[in-house]
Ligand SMILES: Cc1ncc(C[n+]2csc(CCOP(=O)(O)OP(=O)(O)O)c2C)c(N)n1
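The form predicted on its own is given below as one chain in C-alpha cells.
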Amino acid sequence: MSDPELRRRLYRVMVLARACDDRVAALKAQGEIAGSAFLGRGQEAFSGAAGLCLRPGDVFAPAIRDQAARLAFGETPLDVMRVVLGRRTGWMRGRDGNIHRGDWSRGILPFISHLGAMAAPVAGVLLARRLGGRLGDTVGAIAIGEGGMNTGALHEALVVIGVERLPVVLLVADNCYAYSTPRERSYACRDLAERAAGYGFAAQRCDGTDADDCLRACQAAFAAARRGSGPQMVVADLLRLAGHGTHDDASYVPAELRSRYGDCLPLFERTLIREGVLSAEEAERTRAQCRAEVEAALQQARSEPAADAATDEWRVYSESDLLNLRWRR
C-alpha cells in the first residue's frame, strides 16, 4: 500500500481532473469551445497515478483522456482554460484546438495524435539525450488506448524502443472501446500485456478502477525503467464513463458492461474514508476547492485576449526556444 500522503495527492489530482473535465463539457455545451471536447471520466486513477510517478526532466506524451496525469506533472487549470478558450496567453497561443497542447519546458510534448504518433518523438528525445550524455535517470512516458495499440506508427516505435532498451513506460488504458469498436474486435490476445514480450518490454497489469492498484503498477514500472531495466508496459483494465467525445452519447455500450465497471473516483474516496486516510469533511472540502480553482482559472482565461490571426506571431516556439529547451538539461 502506498503512503497516505501520496494517496491523498492522487485523490486531489483525480478530483481536480474531474472538475476540469466537467467544466470543459459545460463550456462545449454552451458553445464556448470550438471543435470537439474529450473527457477522461473513469480514467483518472490510472492517469493520475502515472502522472505522480513522473519527475522534473522526464518526458510525457499524454493521450486525449490524460487530464489527471497532466495536472500531476505540472499543468494547471489555468493552462487548460487558456488553451480550450483559444487565448493568446495559452501554451499554443490560440492554435491547435483544445487537446493538441503541450509545453516543451515542462516535458509535456505537444500532442500530434493519440493513435500511436507520439511514441516515436518520445523515443527520439531519449535517444538524443543518450547520445549527448544527458539521459541520466530520465523516463519517457507514452499514453495510449487499446485502439491506438493497433497502429503501424506505434508498432515501429516500440520496435526501436525495445531494441535500444530505452527507459520508456507505455501506459495502455484499455477502456473497452476504440471509439465505438469493442475490444474483442480490436485484438485477439487474452490481454494487451501479452504483447509486451514481443517488443522486449516487461509488463504490469492493473485494475484501472482501483487507484491503489494503479499506483502499485505505475510505481513498479517507473522504478524499473529508471534503474535501467529496459522499457515497461502498464495495461489498465477500465471503462471510459463518457463517449469518445462530447459529440458521442456512447449508446453502443451495453448496460451489462457498464454494470461491471465502477467509477474510480468515488470508489477511491470511499476507500480512503473507510481506512481513515481521509475524512468525509476533507473529501467535500477538496471537491469544493477544486471546483473553485477551476472556476477561478476560467474567469482569468476569459479576461485575457483571444488569438488574432492577423497580428499574432504564429510560431509557438522560436528557434532559440527549441535550441535552449529547459527540459533537456
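Residue positions are given as counts along the sequence shown, with the first one as 1. Everything quoted here is computed from the prediction, not taken from an experiment.
If you look for the form predicted together with the ligand, you will not find it shown, but the lines that follow are about it.
Colleague: Among 147-155, 213-221, 123-131, 72-80, which stretch has residues with heavy atoms no more than 4.5 Å from the ligand in the predicted bound form?
Modeller: Every other range fails; the passing one is 147-155.
Colleague: Ok, His244, Arg226, Arg106, Arg101: which has a heavy atom sitting within 4.5 Å of the ligand in the predicted bound form?
Modeller: Only one option qualifies, and that one is His244.
Colleague: Have a look at Thr138, Thr89, Asn175, Thr209 for me and say which one sits with a heavy atom within 4.5 Å of the ligand in the predicted bound form.
Modeller: Exactly one listed residue reaches within 4.5 Å, namely Asn175.
Colleague: Can any non-hydrogen atom of Tyr252 be found within 4.5 angstroms of the ligand in the predicted bound form?
Modeller: Close contact is absent here: in the predicted bound form, Tyr252 is far from the ligand, nothing within 4.5 Å, heavy atoms only.
Colleague: May I ask you to check whether Tyr187 falls inside a 4.5 Å heavy atom distance of the ligand in the predicted bound form?
Modeller: Answer no; every heavy atom of Tyr187 is more than 4.5 Å from the ligand in the predicted bound form.
Colleague: Using a 4.5 angstroms cut-off on non-hydrogen atoms, would His114 count as touching the ligand in the predicted bound form?
Modeller: Yes.
Colleague: Even though the ligand is not shown here, does Leu272 get within 4.5 Å of it in the predicted bound form, heavy atoms only?
Modeller: Output for Leu272 is no: heavy atoms all beyond 4.5 Å of the ligand.
Colleague: Within 58-78, which residues come within 4.5 Å of the ligand in the predicted bound form, counting heavy atoms only?
Modeller: Ile64, Arg65 sit within 4.5 Å of the partner.
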